[in-house]
Structures are given as structure tokens and as C-alpha cells.
Ligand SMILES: Nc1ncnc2c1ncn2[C@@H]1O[C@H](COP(=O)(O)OP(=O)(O)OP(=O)(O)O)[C@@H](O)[C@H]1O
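Presented below, as C-alpha cells, is a lone chain in the form predicted alone.
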């Protein structure tokens, strides 16, 4: 579904990514693990075509988007849903309005279909009874579930998560991870998860890439992370969580 081939990126003189290559398969959950500031979220922006690499290729569903113009990227982005770290909900809109907003604005769907899709995501996220609440009245975990529902409402092939459990309590984190697992099991979707929390990786990811100093130092099935000998990986396995 998504491929990065020898992608390098600099901001001025600062090197962010150095010849990074990744593959994200359909119906597969891929984690990108690393501390803050190493370029994890930058990789998500590259996948969405929000920024361009200095060199290398970004391919989404067989299409090279590396130098694609903005007007052509809309159809590509429709194949991916994005869940931002801060959720990016509209504070003045109810939960149901947040979920249906982009369907009304971008797809111009019939109101009956919009209501059906909103209801489906309300049920999937376990938010029945909260349809008319504003985001500020919900817990952090519930707001995250609304954000996931909004990403799913376009019926994408892949969901991108930026630190999905950051700042959440253990119970809320468990619910979010359960939702992510159900994407593959019940919706036949793939996901990319950027995180600094190693337990999240072992709970949901089929494969994991470890980003360190702008380079991928590990990229394999998650279970093999325990066998990795790189000093950085050995240290984070013992710490369980990276510095943020």
C-alpha cells in the first residue's frame, strides 16, 4: 500500500531522514518507533504528500506521489485516514457534526448516507449517547475515538496514527489499542502507527521499524525486536518508553 524508497530529507542543514526505506502492506499494522524529534511524524507527512523529500520516492497504492501536484493528491489522500496526536476536532461542533463535516463539505453525499455513516462510526467507537456532546465534555480517550471514527468515515484503505495513546491513562490507552486491532480484524484495514511507547508496538503491530538518528536501524516482524542487538534497541526494551 505504501512504500518509501531511499527517502532523504533536510531542513536547512539539519538532516531529518537519511535514505529511509519502508514498506507498509495492506491489512498490516506497521509501527514506526523512535524518540521525539527523529522524524517519525515527518514520515507520515511524506506518505500524505504534505511535504516532499529531497531525494528518493514515495509510492502509495502503486502511484509515485513524490513530485505529484497538490490538485492530484486529493484522490491519493482519500485512500488514507489520518488521526492526529491532538485529534484536531472542531470544538464548536458536536461529535456527530465532527464526524459528518467532511462528508458534507467534500463528498456532498446525500444526508441519509451521511447519517448512516456517522451512526456506524459512533457505534464502532462505542460513543452511543454522546452524539450531541461537544468535544470538551469528553475524556481524552473518547476524543481520540471520535478522531478515529472521523478518519474511518471516508472508508480508506489505510489509517495513519500519530502517537495514538500519548497522554492517555492506561484504561483509555487499552481501548484505543483495541480499536486499532479491530481495524484489521473487522474492517480489513492496514495502519501505520508512529509511537514512542514500546508496549503499544507489541500490543498491535505486525511489523516495526525503529528510527534512530534519521535512519532505520531495524525493520522486521515485531517479535524479532527482542533479538535485536543494536545498543539503542536494547536500551529502549529495558526502559519500555522513550523520552519525549
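Residue numbers count along the first chain shown, from 1. Worth saying up front: this structure is predicted, and the values here are computed from it rather than measured.
Not on display, but discussed next: the form predicted in complex with this ligand.
Of the candidates 97, 85, 133, 172, 85 is the one whose heavy atoms come within 4.5 Å of this ligand in the predicted bound form; the others do not.
Of the residues given (203, 41, 207, 66), 41 alone sits with a heavy atom within 4.5 Å of this ligand in the predicted bound form.
Listed stretches are 213-221, 28-36, 66-74, 174-182; the contact stretch with this ligand in the predicted bound form is 28-36, by a heavy atom cutoff of 4.5 Å. Shown alone here, residue 228 lies farther than 4.5 Å from this ligand in the predicted bound form, counting heavy atoms only. Although the partner is absent here, residue 233 sits far enough away that none of its heavy atoms falls within 4.5 Å of this ligand in the predicted bound form.
Contact residues in stretch 149-163 (any heavy atom within 4.5 Å of this ligand, taken in the predicted bound form) are limited to 163.
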